[in-house]
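In the structure tokens that follow, the same protein chain appears in two forms, which are kept apart as structure 1 and structure 2.
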Structure 1
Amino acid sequence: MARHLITSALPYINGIKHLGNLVGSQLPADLYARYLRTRGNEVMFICATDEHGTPAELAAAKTGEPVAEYCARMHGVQTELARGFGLSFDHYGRSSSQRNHALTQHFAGRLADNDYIREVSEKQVYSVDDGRFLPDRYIEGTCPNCGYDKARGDQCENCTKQLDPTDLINPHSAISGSTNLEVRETKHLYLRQSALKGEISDWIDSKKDWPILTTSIARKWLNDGDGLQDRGITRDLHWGIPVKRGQQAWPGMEGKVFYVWFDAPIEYIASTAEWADAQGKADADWRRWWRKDEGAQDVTYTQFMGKDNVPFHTLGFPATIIGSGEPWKLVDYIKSFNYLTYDGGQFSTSQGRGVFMDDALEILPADYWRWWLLSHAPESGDSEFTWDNFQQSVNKDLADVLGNFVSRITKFCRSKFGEVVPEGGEYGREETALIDTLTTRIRAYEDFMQAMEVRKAAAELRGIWVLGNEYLQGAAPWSTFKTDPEKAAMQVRLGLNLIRLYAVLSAPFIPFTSDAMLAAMQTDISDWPDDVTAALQALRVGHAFIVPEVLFAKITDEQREEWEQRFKGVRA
């Protein structure tokens, strides 16, 4: 049994996440975690809310709540939505936890001890009208690299180029819109990433199996222009982790906090510690996932994220781990995704554009969304969500192929043999051929899932569903029954076993439907089909089942048109 650590990029706390956020990290991470568990692996699947920084302060101010109370409430909201979508986290933590405070301050102390932190007196943008220093991301302007007019002071989300606020053309405060900005002097801590460039570059070069999207972004940041730059890790804010050197005060850093992009990735480790705390386990139980001197040398660590998060996970977080000089586990594989677009433009939390997780669950069950998002995952390029495509995919794949197969078999069996697996002849030539084809395609499905090729895995799974329909259409047990009831019983018995098999194979993609199919077959046998012949004999003669409710209702043209109009504007 292999051990797998899986982390999903942390969703930010300032609001409910949209479907683009979901498919860019959490959902494919859940797919992979569910698959690995089904195959008998030991899995630790970790995520958390990212709670520090100015956006949390501003979001709380809008609701009139203290920022700590706002973050606690929104963590609860995001937790419930994650459950609603079937995200099977072992723990869903909070970057504001005491565990993350202690670990972030510990790493900062270790980096300072190893001479990887320097103090810098610098000029920083101060908004006179707002009465505060502006964090990089709350200065907006035009990107000097690509001309995008909503670039932030830390990074252009359009071209992913790392920026400083002073690089922006026509900068203004994203808080008030004011252009009454001054440059004032302040002191901050910088992580000396440049001193670690060689080690980070060698490490990235060793990852021959990483997606091109991941390595191309990492190498661009490493080699473009002046190469890997030192990065500020503190900010003039109130809400965040106080700057300390381990447990000691840091002279000159009073009143400052660590930059959210320094503490957020450390929360992966902290959230695993939070899991141990919640389970009443010892520290050794979480450290075995993260410390190579305490058991993590046998762990395979996989991260899932959108492409905008890649630089911080290929450069910043590894610099923290390597620079600490301690045997912490580095990521083995980074699965990165392009963007899911909506109606010709970007999904956007800040602009309220697109379909958001709560609205999605209000109009349809989670598995409709899970299937479409995963089968259209933006792997090789950006993908676009359109209501036409969503309707067609749901109706053809889920209703016509899988749902129709389950309905036809169970209803026909009930009408001719009752709600039990019927007794009949042995599997013949057609059934043997089907088993051979299924075996080939299931092995291909396993390969795609193991390689995290999400869209290819979805296409293979759909092909496996189609095989059952093609068999049923060719066997035509409703016709066979008229002349050879025993053979028809055998065909139906195979069909019922296919339902159980499909439930097992489909569980990573559509877990709620999988549970419904197993419940209909009244079985808890969910072993992976290493032997397809044996898997198609799991439900024995006489085993009772029930005819399930319709698994997937078709989306009507009227529903599609209503939703198109409802989600055409900006979310309130």
Structure 2
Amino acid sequence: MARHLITSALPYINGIKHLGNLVGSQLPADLYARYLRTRGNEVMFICATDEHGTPAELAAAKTGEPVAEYCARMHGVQTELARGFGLSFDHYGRSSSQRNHALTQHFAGRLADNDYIREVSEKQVYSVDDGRFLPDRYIEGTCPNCGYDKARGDQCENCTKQLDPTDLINPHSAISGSTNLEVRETKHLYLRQSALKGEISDWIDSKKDWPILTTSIARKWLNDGDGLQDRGITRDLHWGIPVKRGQQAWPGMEGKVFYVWFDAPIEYIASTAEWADAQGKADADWRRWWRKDEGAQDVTYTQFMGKDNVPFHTLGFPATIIGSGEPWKLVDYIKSFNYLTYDGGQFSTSQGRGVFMDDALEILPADYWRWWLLSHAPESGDSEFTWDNFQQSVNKDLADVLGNFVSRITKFCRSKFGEVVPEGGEYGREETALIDTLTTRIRAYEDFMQAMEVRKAAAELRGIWVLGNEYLQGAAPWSTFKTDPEKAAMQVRLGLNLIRLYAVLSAPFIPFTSDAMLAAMQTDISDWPDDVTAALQALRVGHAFIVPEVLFAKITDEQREEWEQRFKGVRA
């Protein structure tokens, strides 16, 4: 039994995530975790909310809540939504946890001890009226290059010129509008990534099987310009992990916190510790997933993330781990995704554009979304969500191919034999042919799942569903019943067993429906079909079942049009 550690990129705390966020990390990670579990592996699937940084403080200020309360509340909201989508985290932690405080401070201390930290004194813009230093992008003004009056301090969106905040004409705070800005001197810690460039570069080069998207982004950062740059890992904010050197005070760093991108990946580890705490387990129980000297040497660690997260996971976090000089587990495989776009534009949390997780669950069950998103996962390039495509795909795949298959065989059985697996008849040529084809396709499905080829796995699974309809059409029990009822019984028995088989195979994609299918078949036998012939005999003669409700109601044209209108603009 292999051991698999799986992490999904941490969703940021400042609001409800949209479908693009979901499909870029949490959902495919869940697919993989569920698959590996059902294949008998020991799995630790970890996620958490990412709670620090300026946007969290501003979001809290907007609602009038203290930031700690805001984060606690939003963590609760996101936890419920994760549950609603069937995300099977072993633990959904918080980057603001005490575990993460201690670990982040520990890593900083180790990095300092190993001379991978340097102090840098720099000048930053301070907004007197806001009472805070402003990140470059929170300063607005007129672009000196093109005259655009809403240029940001890091870049002008209009002419794309890169800017320094001090370049702006009439600079003002993007938060309050205040022009009462001054440049102040402040001191920060930098992680000397440049000193680790060689090691990180060699490590990336050794990953021959990683997606091009992952390695090309990493190489770009490693080799662009002067190569990998040192990175500031502290900020002048109130909300965050106080800068400490291990458990010691860090002279000169009083009142400062670690940069959110320094502590967020460490939360993968901390969240596993939170899991142990929540389960009443010992430290050794989480450390065996992370410390190669305490049991993690045989762990396979896979990370899932959108492409925007790749630099921090290929460079920053590995630099932290390598630089610590301690035997923490480095990631073995990074599965990265492009973006899902919405009707030709971008999904946007800040602009409220697109479909958000709460809206999605309000209008349709989770499995509709899981199936569409995973079968259209943006693996080779950005992919687009349109209501038309969504309606067509879901109706065809789920309602017609799978749902209707379950419906037709259970209802036929009920009308001819009752709600019980019928007796009689033996397999003939058609049945052995079906089993051969099923076996071939299930093995292909396993390969795609193992390789995290999400779309191909979905297509293969769909193909397996189709085999059921093909079989029924050829076998035609409604015909054979008239001349050879025993043969019809055998055909129906096989059909009913296919439902159970499909429930098991489909569980990683559509777990709720899978449960409903098993419930209808009144069985909890969910072993993986290593032997298809045996798997198709799980429901024995005389076993009672229930004809289930329609598994997937179709999306009507009226619904599609209504949703198209409803989600057209921006939401408040």
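Here the rigid core means the biggest group of C-alpha atoms that line up within 1.5 Å when the two forms are laid on top of each other. Numbering runs along the sequence of structure 1, starting at 1. All values derive from a computational prediction rather than experimental measurement.
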Here the form predicted in complex with the RNA is displayed as structure 2
Notebook entry, point to check: Given a split of the chain into two rigid parts between structures 1 and 2, do Asp397 and Ala451 fall on the same side of that split?
Noted result: yes
Turn angle in degrees for the lesser rigid part against the greater between structures 1 and 2 comes out at 34
In Å, the rigid core superposition gives a C-alpha shift for Gly141 between structures 1 and 2 of 9.0
